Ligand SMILES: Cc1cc2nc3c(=O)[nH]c(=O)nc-3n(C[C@H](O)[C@H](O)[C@H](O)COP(=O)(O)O)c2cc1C
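There is one chain below, alone, in structure tokens, taken in the form predicted alone.
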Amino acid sequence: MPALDRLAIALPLIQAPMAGTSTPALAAAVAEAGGLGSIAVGATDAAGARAMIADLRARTARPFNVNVFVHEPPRRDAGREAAWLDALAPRFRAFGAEPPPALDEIYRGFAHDPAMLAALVETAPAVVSFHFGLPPAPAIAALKAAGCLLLSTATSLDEAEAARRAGIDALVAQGWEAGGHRGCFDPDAADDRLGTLALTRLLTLRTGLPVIAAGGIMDGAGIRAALALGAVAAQLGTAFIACPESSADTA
């Protein structure tokens, strides 16, 4: 599987990194079964990421993927934020709570988090993947120097080409069917909303990079379809949510 050969995974299957759902236990189980397990650290800080990576390494010696969010910081608007807090105040009080005094950023973007970069360079997971955008060139160079294989979500040909120019090793072609959220680089840009199979075929023909199909794939038949279109692997997320190792509440 071209760029993925060095991972020596037996199955062309990647368990999607789902923040809050894909636990080290889930990633380890997938890795031990021959796929590529993933954890998502976009919703935690550098210390949390180090703890998750250590937990995962205690469970398996196989390669795994660590995913980060590369989104831009929110643009503050004090008036708009105050209006939201006022509008939500009755909802909070209905549950015996008070709204926070101010809104704050929940997830810090990887491009603006040097501590997270340092943690990933030091721990050097086999794979690091990017969602919502690309980090600056020095961060990409540092991760490559640490020996990490780099993946980036792409929802369009333009995003895929940007990833190729940045030196990304393989693309995750995330189609419109993707559950949770798609990793668009710019939410205000034109969006053709390409389906997974169409996007996978387009990127395999036009980018020259290995392509991993993602979005709406739930079983072996879907994986076979993606491989037939030129993908080197398929990434599945929703299919793993009901696994006992997942942290999702499926009750």
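Predicted model only: the values in this text are computed from it and were never measured. Note that residue numbering follows the sequence shown and begins at 1.
Not pictured, yet referred to below: the form predicted together with the ligand.
- Among the residues L229, L13, M18, V232, the one placing a heavy atom within 4.5 Å of the ligand in the model of the complex is M18.
- A heavy atom within 4.5 Å of the ligand in the model of the complex is found for one listed residue only; from L199, A214, V211, V30, this is A214.
- Contact annotation for A25: none of its heavy atoms lies within 4.5 Å of the ligand in the model of the complex.
- Among heavy atoms of I241, some come within 4.5 Å of the ligand in the model of the complex.
- With a 4.5 Å cutoff on heavy atoms, H131 counts as touching the ligand in the model of the complex.
- Among heavy atoms of G180, some come within 4.5 Å of the ligand in the model of the complex.
- The stretch in contact with the ligand in the model of the complex, judged by heavy atoms within 4.5 Å, is 216-224, chosen from 184-192, 200-208, 216-224, 50-58.
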